[in-house]
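Below you'll find only one chain, the form predicted on its own, shown as structure tokens.
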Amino acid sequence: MTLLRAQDLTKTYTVDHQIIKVLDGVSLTVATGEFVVITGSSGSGKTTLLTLLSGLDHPTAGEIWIDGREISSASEDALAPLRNRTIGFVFQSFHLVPAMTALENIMFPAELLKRRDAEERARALLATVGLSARADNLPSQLSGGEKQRVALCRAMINQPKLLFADEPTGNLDSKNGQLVLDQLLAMKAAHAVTLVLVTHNPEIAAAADRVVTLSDGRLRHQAAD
């Protein structure tokens, strides 16, 4: 069953009166439960594609469907509940709220949905990634690997169907990067989440069901594992 479908996506920007085409007619389909890696050289359009697919930005042309719903022309008000219920996002730079503890950062998306079990869910996720003892620490008191594990828990708190990750190990050393990847894949399996991940890391790409390669804003290659 198809969970995510993008058709003929184009994204352009105007810089100094010149039109820059970042994506040029990209089409992609992702099945429920699939793990797809988007790879390519710097400037190929990987992160731009991920922000479009996740509804964080709108394409200049083309359509995006998530769980049977067309989102490419949806308003911010219409996209907000979709982002909070159906989609999770893990960023390279964590994006944790500095004034909130690890537990509070994880709970926040669930509290927006007024879930009564927000704290219970958050503590269970912290235990899953081995950070129960860090629940009351602020982000400034956590290592990079710990911050990313907290960010992963936050992305999973509302049990999304679709998880996007943009270079989730890019700011980590190899040991912490492997730990985060292992826990990401464990959560994917445990919660039957569909995963779309941008990376330069060939070891992460090797773990995917399929690798999509972008070059100069175009889809050049799709390979199954």
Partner chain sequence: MSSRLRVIYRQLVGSSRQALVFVLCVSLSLTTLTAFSGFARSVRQSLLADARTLHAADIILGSGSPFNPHLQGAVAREAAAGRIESTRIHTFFSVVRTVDADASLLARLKVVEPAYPFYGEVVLLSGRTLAGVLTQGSIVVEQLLLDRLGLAVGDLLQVGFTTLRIVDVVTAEPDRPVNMFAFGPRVFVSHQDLDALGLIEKGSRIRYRLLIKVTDPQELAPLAAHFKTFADPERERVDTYRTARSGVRRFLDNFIFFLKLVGIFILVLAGMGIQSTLGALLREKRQTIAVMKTLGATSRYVQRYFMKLTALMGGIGILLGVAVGLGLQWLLYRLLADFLPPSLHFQWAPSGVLEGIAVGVVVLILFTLLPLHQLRYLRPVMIFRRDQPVHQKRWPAWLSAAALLLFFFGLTAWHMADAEVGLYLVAGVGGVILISASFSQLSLWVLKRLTVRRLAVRQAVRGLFRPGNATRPVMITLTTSLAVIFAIFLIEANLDATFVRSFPADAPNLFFVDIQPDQRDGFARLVDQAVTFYPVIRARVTAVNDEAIDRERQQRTRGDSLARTMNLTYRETLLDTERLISGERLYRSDWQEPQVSVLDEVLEMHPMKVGDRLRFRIQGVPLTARISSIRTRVGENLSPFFYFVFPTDVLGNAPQTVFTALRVPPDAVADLQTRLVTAYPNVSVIDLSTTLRVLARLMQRLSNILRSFTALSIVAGVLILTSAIWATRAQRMTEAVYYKVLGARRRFVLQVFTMENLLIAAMSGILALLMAHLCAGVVCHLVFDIRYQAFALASGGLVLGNALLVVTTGLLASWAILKKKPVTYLREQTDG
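Numbering follows the first chain given and starts at 1. Here the structure is a predicted model, which means the values were calculated and not measured.
One more form of this protein exists, namely the form predicted together with its partner chain; it is left out here, but the text below deals with it.
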**Study point:** is_contact(Leu131, its partner chain) in the predicted complex, heavy atom dist at most 4.5 Å
**Key:** no
**Study point:** Interface membership of Arg149, its partner chain in the predicted complex, 4.5 Å heavy atom rule
**Key:** no
Practice item. Decide whether Ala99 counts as a contact residue for its partner chain in the predicted complex under a heavy atom distance cut-off of 4.5 Å. Key: yes
**Study point:** 4.5 angstroms heavy atom contact with its partner chain in the predicted complex for Leu56
**Key:** yes
Review point. Given that its partner chain is left out here, which of Thr39, Gln183, Asn176, Thr47 has a heavy atom within 4.5 Å of it in the predicted complex?
Key: Thr47
Review point. Where does its partner chain sit in the predicted complex: which of 193-201, 61-69, 48-56, 25-33, heavy atoms within 4.5 Å?
Key: 48-56
Point to revise | Residues in 86-109 with any heavy atom within 4.5 Å of its partner chain in the predicted complex | key: Phe89, Phe91, Ser93, Phe94, His95, Leu96, Val97, Pro98, Ala99, Met100, Thr101, Glu104, Phe108, Pro109
